[in-house]
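Below you'll find only one chain, the form predicted alone, shown as structure tokens.
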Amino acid sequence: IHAMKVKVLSRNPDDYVRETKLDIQRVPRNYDPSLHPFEVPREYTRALNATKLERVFAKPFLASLDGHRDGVNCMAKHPKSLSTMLSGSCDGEVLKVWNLTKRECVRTLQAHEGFVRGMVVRFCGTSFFTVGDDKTIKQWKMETPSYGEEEEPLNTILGKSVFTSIDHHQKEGVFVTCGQQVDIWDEQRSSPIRSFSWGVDSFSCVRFNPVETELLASCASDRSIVLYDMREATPLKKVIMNMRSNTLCWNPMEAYNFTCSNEDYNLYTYDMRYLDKPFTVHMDHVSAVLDVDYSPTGKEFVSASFDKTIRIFPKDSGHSREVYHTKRMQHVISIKWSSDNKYILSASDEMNIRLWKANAAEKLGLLAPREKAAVNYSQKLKEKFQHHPQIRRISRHRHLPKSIYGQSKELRVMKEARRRKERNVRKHSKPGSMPVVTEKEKHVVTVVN
């Protein structure tokens, strides 16, 4: 018997019948590229329009949380609750505990005399620690006391000197403070279980590594960044830079990497294994950088500066992708990136905490499936054509306050003059006597093991 081929028309109603009469008609399409010769120009136009619309809809500022009566000096995120945030001000009125969903203060307590220097929430979220100018460490309950109950700390430790920063271990009941030295404390004891100092008179910031939880890093007043291991009796090593680092933050996804904010207007990302030079120098600020915080994805970080702006940097890029500023915002002292990667919180001199979108043009709230598809499609188009001159120009353009624009221009001119002078000196010197020093190597003085 001969096998016979029979061609049959096969139609699946799902391919062309609408599910409801409100749906749009399904159109059969042939995706053969030879039938669509203008596909790329059409996509380019769409990418251009998407880029322009992104700039039109870029409205990053969401809310201002006011209520403090002095400059806000520090903030802390809650590890378990996205909507809870704590802030401490320069008048010792630490705690305002904020509900970010309702955008209101749910609790205020007088924690210290003088500045609140640092605060951190315990990893389980049941209590938090504060340090202040009155040389005390206080532990407080996270839940609001019931009616008629006094607002009392769970525990108070009196130290020998002023504490400037505090951080808590990710898994154990251990926390670290810094001031004249770096002290590691057990929650059950009133004296430190270990103290580190390395010929430095004071430290400004100390942070636990969120991945390798036994490691610590601190910024010291002698322009150094010091690394420690909690299990050892002495510090591991330190890198001395040209100018002082104010704060640092570990990358939550890459155990070895940390970024520090410096007085010389830059941020430096180091790999702790190779401290002889930073692997990225992040420039754009026009005044000292006061604080830095990583996004939970570890791909970007946000920095707060004395120049009254906030900048968002990709971790491996030398320049910021975004800059936020308002007319009223003064020197930004503290910055936090929310744990859901959507929001940024900034605390500044003029007693306000501001809530920003991490992605300026992102639409908040629930998106319909069709909206999601459109957003993803335009995102892909922007990525595909990102290097085209016009699209690049539109997506990179930011309006800056006149003072910052002028200062950045001036800094650019100064830097170019310095480069030109170096080139001329090298040209008229004996070959090899003036080695080329890269931008990364310029800022590090030495590494001490």
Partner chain sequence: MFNSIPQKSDPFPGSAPVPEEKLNKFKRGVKGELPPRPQYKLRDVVIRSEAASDLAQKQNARYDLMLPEDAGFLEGDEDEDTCTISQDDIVDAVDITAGAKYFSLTLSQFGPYRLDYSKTGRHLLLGGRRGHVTCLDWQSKQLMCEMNVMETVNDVKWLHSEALFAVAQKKWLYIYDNKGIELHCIRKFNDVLRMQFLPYHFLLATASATGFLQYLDVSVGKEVVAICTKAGRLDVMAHNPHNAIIHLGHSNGTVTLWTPNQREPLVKMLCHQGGVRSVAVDKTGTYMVTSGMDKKLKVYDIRAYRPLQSYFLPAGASCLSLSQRGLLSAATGDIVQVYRDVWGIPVTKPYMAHRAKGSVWGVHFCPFEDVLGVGHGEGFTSMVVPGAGEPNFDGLDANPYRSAKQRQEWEVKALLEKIQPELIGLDPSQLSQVDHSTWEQRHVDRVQVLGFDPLAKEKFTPRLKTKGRSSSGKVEKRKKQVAHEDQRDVIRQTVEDRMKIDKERKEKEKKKAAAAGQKSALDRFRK
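Computed from a prediction, not measured in an experiment: that's the story for all the values here. Under this definition, the rigid core comprises the largest set of C-alpha atoms superposing within 1.5 Å between the forms. Residue numbers count along the first chain shown, from 1.
Keep in mind that the form predicted together with its partner chain is missing from the display, and what follows is about it.
Interface membership of Tyr44, defined by any non-hydrogen atom within 4.5 Å of its partner chain in the model of the complex, is confirmed.
Proximity of Val436 to its partner chain in the model of the complex falls outside the 4.5 Å heavy atom cutoff. In the model of the complex, its partner chain sits beyond 4.5 Å of every heavy atom of Tyr405.
Using a 4.5 angstroms limit between non-hydrogen atoms, Asp66 is distant from its partner chain in the model of the complex.
Just one listed stretch, out of 396-404, 57-65, 409-417, 44-52, contacts its partner chain in the model of the complex at the 4.5 Å heavy atom level, and that stretch is 44-52. Contacts between 5-32 and its partner chain, taken as any heavy atom within 4.5 Å in the model of the complex, involve Lys5, Val6, Lys7, Val8, Leu9, Ser10, Arg11, Pro13, Tyr16, Val17, Gln25, Arg26, Val27, Pro28, Arg29, Asn30, Tyr31, Asp32.
Remark: with the core as the superposition reference, the CA shift of Arg18 between the shown form and the other one reaches 2 Å or more.
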